[in-house]
Ligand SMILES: Nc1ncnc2c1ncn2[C@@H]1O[C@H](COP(=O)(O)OP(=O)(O)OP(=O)(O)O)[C@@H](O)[C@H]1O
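Only one chain is shown below, in structure tokens, and it's the form predicted on its own.
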Amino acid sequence: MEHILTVTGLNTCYGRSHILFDVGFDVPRGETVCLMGRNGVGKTTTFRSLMGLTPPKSGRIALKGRQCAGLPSYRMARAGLGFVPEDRRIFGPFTVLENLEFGVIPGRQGIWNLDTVLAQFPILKNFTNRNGSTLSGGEQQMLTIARALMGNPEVLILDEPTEGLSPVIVGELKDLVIRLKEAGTTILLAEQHLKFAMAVADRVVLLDKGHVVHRADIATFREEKEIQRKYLAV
């Protein structure tokens, strides 16, 4: 099994506050790995560390075997990490089409271009000339994922993609992630929505107070009810 992303011994601080403690996990090519845990356990900080937005104090981040911990965010994007933050951050004054074009990373090649991306996001096809600020929350979430794909990432990182979305949109997002998996996309996501995670993930990594406390394949995790109650309060 090829691990396209390997994280080892990640320690990250905000000032004097130590947030991540020796966090480590692997992301196999073509699989979906889900970081889970309650609010404040370090999921977003892990992603910010991976992207160079909050550089780790120590640890190793290897993308396709290349050490890249501490690189600035634009170089992490060029290396192949596509990040969809929790707050979406679309470019509101620009159209859907312009937002998608902003996602292109010169020199990166792959299966994703305007035609293939819009084929996966039919909801956006009719809105290409609308400003991003006029879209609903669910449509904006789809746009941010589509924009990240335009950069042909090696790993697509989704931070709490279902946050604040209606059950109908969550269902559409679940179907989208499954389609992306079928297209061979490697996905790393943070999620609290247990049913959503169960539907899309191949593996689960549980965080608690900045530590990795449990790892399991999804079939095993489905049966670990006590672990779910302890760390997810379900």
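The numbering used is simple: start at 1 and walk along the sequence shown. Computed from a predicted structure; not experimentally measured.
From this point on, the text means the form predicted in complex with the ligand, which you will not see here.
Here is the short version: of 139, 154, 86, 98, the single residue with a heavy atom within 4.5 Å of the ligand in the predicted complex is 86.
Checking 65, 167, 184, 40 for any heavy atom within 4.5 Å of the ligand in the predicted complex turns up a single hit: 40. At a distance threshold of 4.5 angstroms between non-hydrogen atoms, residue 32 is out of contact with the ligand in the predicted complex. Contact annotation: residue 10 falls outside 4.5 Å of the ligand in the predicted complex, judged by heavy atom distances. Using a 4.5 angstroms threshold between heavy atoms, residue 23 stays clear of the ligand in the predicted complex.
Shown alone here, residue 19 lies within 4.5 Å of the ligand in the predicted complex, counting heavy atoms only. In short, of 42 to 50, 197 to 205, 56 to 64, 173 to 181 it is 42 to 50 that has heavy atoms within 4.5 Å of the ligand in the predicted complex. Although the ligand is not shown here, in the predicted complex the stretch 97 to 118 places no heavy atom of any residue within 4.5 Å of it.
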